[in-house]
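A single chain, nothing else alongside it, follows as structure tokens in the form predicted on its own.
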């Protein structure tokens, strides 16, 4: 599933392609299910004829702000991708929605498993909803050590589940939460309020470092429009490496289930 770095790469590629400021001549949704319960015709009519003012990412969400005071909320889910094209008339079969800009260029929402979603909301309402549901961005200046320690000491949740909860910190998913915990030498099942302050400071630094490396890696993987390579060149030390030797101590990596997802960790480097 695309995580924050992959979604950030999608947004950066769209901005680099110059889609911001372009007028939308036509917007079409090819698979009505991606917009339910909203009516496809209403969404298409509201978007067509507007300018795409800004492409924004909040957590794992893509927000396309329009000139009519409304915004499209795009969620890629498992296999979605959003990318610019020279001509939207020539599009793959897995295209679920497409935009035609003034001048003939376009943008496609491609999703082979059709799990992604696109919905239209008033910009002010969507912004308020994102602020309420999603926490501080890990690469934002507001993600300070003081803020992180304060949030952690209030939570009795296991470390891995705390990181994946989007309310304290936005955008951390399964892969990068596991990697950050490994770098900070924190067991994924330890309650956050029991983690020492020095370990929390190490975890804060690990989160920032992991996310910066992952964003750079994802940007390379998304360099070619329409191409998606999960994992890219990011060097996973524990994720998806069950029974493989730890890169530090050579003990076998273990896998447990937390919140219905697999968690990978080193039992020697990440002791309780």
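Nothing here was measured: the structure is a model prediction, and the numbers come from that model. Numbering follows the first chain given and starts at 1.
We do not show the form predicted together with the DNA, though everything after this point is about it.
Asker: So, in the predicted bound form, is residue 174 in contact with the DNA at a 4.5 angstroms heavy atom limit?
Answerer: Contact check for residue 174: yes, within 4.5 Å of the DNA in the predicted bound form.
Asker: Given that the partner is absent here, does residue 81 sit within 4.5 Å of the DNA in the predicted bound form, heavy atoms only?
Answerer: Because no heavy atom of residue 81 falls inside 4.5 Å of the DNA in the predicted bound form, the answer is no.
Asker: Would residue 166 sit within 4.5 Å of the DNA in the predicted bound form, counting heavy atoms only?
Answerer: Within the cut-off, so yes.
Asker: I'd like to check something about residue 115: if you look in the predicted bound form, is any of its heavy atoms closer than or equal to 4.5 Å to a heavy atom of the DNA?
Answerer: Close contact exists here: in the predicted bound form, residue 115 approaches the DNA to within 4.5 Å, heavy atoms only.
Asker: To test your reading of this chain, name the stretch in 174 to 182, 102 to 110, 143 to 151, 194 to 202 whose heavy atoms come within 4.5 Å of the DNA in the predicted bound form.
Answerer: Looking at the partner contacts, the answer comes out as 174 to 182.
Asker: Quick one: which residues from 236 to 272 get a non-hydrogen atom within 4.5 Å of the DNA in the predicted bound form?
Answerer: Heavy-atom contacts within 4.5 Å come from 239, 255, 259, 261, 262, 264.
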